[in-house]
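First, one chain by itself: the form predicted on its own, in structure tokens.
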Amino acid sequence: MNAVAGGVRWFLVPAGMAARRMIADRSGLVVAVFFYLLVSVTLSSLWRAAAGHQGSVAGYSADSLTWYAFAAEAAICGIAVRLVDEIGEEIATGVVTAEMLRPASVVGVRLATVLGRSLTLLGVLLVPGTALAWTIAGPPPGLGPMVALVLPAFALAVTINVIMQHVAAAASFWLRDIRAAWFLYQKLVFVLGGMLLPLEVLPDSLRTVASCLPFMAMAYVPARLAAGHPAPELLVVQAGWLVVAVALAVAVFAAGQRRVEVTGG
């Protein structure tokens, strides 16, 4: 029991500190909110124009596409844009190597810190984002069920994304420059993750590929639910990818630590 309590404390303390720092950074929050609203309004306007006043796109009405756009952007904008690159640079420059001297899990503390910051920012973005989407498109379809499903979906989406970015960044234990990996990761999230467009718009073969990858759990799932398509099974999909992501993160950081110990940094 004490070990469990200690593990929880090691997670909550850095997460809480990161959340407080995020709230204290007022200018950073203003910029983040402005960027999020600008991108969301632009993307939703494009999709509303494509759907037309009474039409639809791949089963989404103009109003549901507005909610989709705002939700998908919130799930992604809550995370630092260059997180993969930043983590990779810290690995390459030895910052992470120094952190390995601590008794706590390196990947655990890092995940806690980034999640504390990202989930806090997500909460901040959702307030004006919901208000503006409501103003443009009216209330979200199926408000009660939507809230019950979407809020957990948002939390899972951000968590999976953060963990998988750590997995991608761990390539820096073996490669000096991972900017190409960061670029590829972002584009996969944009397209196969459903950030720029609903997966239903993709050709059948590409949609099948997207449904088998973790990126769809990072933007498409909360956006699909927010657009008024109640599908509780999507949360099960997210939970499965969360387990996979955690296992991968633990494995690659352990392998990276062994490499550092063998090569001496």
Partner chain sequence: MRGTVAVLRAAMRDATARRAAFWWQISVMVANDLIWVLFWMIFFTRVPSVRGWDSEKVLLLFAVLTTGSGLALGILANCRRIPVLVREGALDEVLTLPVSPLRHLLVSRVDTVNLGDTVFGVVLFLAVGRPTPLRAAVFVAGVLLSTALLASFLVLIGCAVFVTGDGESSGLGTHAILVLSSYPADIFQGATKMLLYTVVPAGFVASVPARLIDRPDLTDAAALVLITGIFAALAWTAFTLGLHRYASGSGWRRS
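These numbers were taken from a predicted model, which means no experiment stands behind them. Positions refer to the first chain, counted from 1.
The same protein also has a form predicted in complex with the partner chain, omitted here; what follows describes it.
Trainee: Can you work out which of Ala231, Ala210, Val237, Ala58 has a heavy atom no more than 4.5 Å from the partner chain in the predicted complex?
Mentor: Contact with the partner chain in the predicted complex is made by Ala58 alone.
Trainee: Using heavy atoms only and a 4.5 Å cut-off, decide whether all three of Ala92, Ala251 and Val260 touch the partner chain in the predicted complex.
Mentor: Heavy-atom distance to the partner chain in the predicted complex: none of the three under 4.5 Å.
Trainee: So in the predicted complex, is the partner chain close enough to Phe190 to count as touching (4.5 Å, heavy atoms)?
Mentor: Heavy-atom contact with the partner chain at 4.5 Å: present for Phe190.
Trainee: I'd like to know if Trp174 sits close to the partner chain in the predicted complex, meaning any non-hydrogen atom pair within 4.5 angstroms.
Mentor: No, Trp174 sits far enough from the partner chain in the predicted complex that none of its heavy atoms falls within 4.5 Å.
Trainee: Consider Thr42 of the chain shown here, and say whether it contacts the partner chain in the predicted complex, taking contact as heavy atoms within 4.5 Å.
Mentor: Flag for Thr42 set to yes.
Trainee: Decide whether Ser27 counts as a contact residue for the partner chain in the predicted complex under a heavy atom distance cut-off of 4.5 Å.
Mentor: Yes, Ser27 sits close enough to the partner chain in the predicted complex that at least one of its heavy atoms falls within 4.5 Å.
Trainee: If you look in the predicted complex, which residues in 199-235 sit within 4.5 Å of the partner chain (heavy atoms)?
Mentor: Those in contact are Glu200, Val201, Leu202, Pro203, Leu206, Arg207.
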